[in-house]
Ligand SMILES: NC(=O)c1ccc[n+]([C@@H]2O[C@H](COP(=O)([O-])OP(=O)(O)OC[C@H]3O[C@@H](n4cnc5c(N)ncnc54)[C@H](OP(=O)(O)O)[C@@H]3O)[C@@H](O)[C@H]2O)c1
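The chain below stands alone and is given in structure tokens; this is the form predicted alone.
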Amino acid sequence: MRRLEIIAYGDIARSVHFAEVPEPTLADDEVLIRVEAASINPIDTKFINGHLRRIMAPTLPAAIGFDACGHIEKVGAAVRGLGPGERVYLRAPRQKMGSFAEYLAVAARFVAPAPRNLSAAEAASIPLVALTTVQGLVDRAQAEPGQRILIHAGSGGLGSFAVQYAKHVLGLVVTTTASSRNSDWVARLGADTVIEYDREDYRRRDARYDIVFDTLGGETTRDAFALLRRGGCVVSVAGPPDWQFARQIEAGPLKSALLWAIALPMEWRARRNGARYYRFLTESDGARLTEIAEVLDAGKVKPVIDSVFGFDQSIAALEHQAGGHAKGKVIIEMTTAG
């Protein structure tokens, strides 16, 4: 089978290539999926560029890609509840990436029946952004209806899902940042207020929020605490680690000590503001994807797709994602899938 794999860290065009490899062997708890579509996330390009080597360092060459939708070809002997021919979607775990391929073997617990009302491309666009949103806003921030939330980068792949989920599922009052070019479009997704970052500094507003969902990192993370109400929460997927981060990545003693030291300034900043701070990595979860599929089939949240590339155009698709201007998700369709 063909797969896209990383052979070195650095520039996408030089670090990624296609390879012919054997079809994956199947463990007893796994399913073999014929991939129909996969989606690209910022973590994919960060991984290729080498920015995540401290937390993700597989032996190279290595398969890449997290999100996929396809049909089950085979199931392992211990798998129950899923069978050949069933259409599923998933977010592969960090320890076994590989959705940019014709076939993918993954533990059944990470897999869920795909939303009935979505195409393969639409379903593939969902898993990582949906799990990130739910694990951030529900599991960590413990969002409650009526609370006010600031979501950064509302037109991106994660932001466009989070805006919809926060408004239409969690019942939050949503403010987001976006360019003036995308302002009206993001408002139609469900944002109550859109701050046009190319025309206004969002920090100059008097508004205070119960939750800040930081998707950008850097100064955005540090500035978030000044925007919170007392007792509020900053949830970040791009900022410095929190004190739980080392445990999540199963770091050894030395790395854990280093991560704790790096986390100290953010933890102190949170405490000074009577706030909570979470920096986390998304975890794969098939049961959660089953719940999310119900939300999608009910029409409460709709997929947002920026562009669709054929499998042979995967490197161009990755470069487009890395450009940082995608409006929604970038999709790779496996043209060899029947």
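We number the residues from 1 along the sequence you see. What you see is a predicted model, and the numbers here were worked out from it, not measured in a lab.
Here the subject shifts to the form predicted together with the named molecule, a form of this protein not shown in this document.
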item: Contact residue in the predicted complex, from Lys300, Arg269, Lys46, Arg34 (heavy atom within 4.5 Å of the named molecule); value: Lys46
item: 4.5 angstroms heavy atom contact with the named molecule in the predicted complex for Ser99; value: no
item: Partner proximity in the predicted complex: Leu26 to the named molecule, non-hydrogen atom cutoff 4.5 Å; value: no
item: Touches the named molecule in the predicted complex: Thr282 (any heavy atom, 4.5 Å); value: yes
item: Non-hydrogen atom contact Leu172 with the named molecule in the predicted complex at 4.5 angstroms; value: no
item: Per-stretch contact check against the named molecule in the predicted complex, the hit in 107-115, 249-257, 67-75, 215-223 (non-hydrogen atom, 4.5 angstroms); value: 215-223
item: Neighbours of the named molecule in the predicted complex among 126-163 [non-hydrogen atom within 4.5 angstroms]; value: Leu128, Thr132, Ala153, Ser155, Gly156, Gly157, Leu158, Gly159
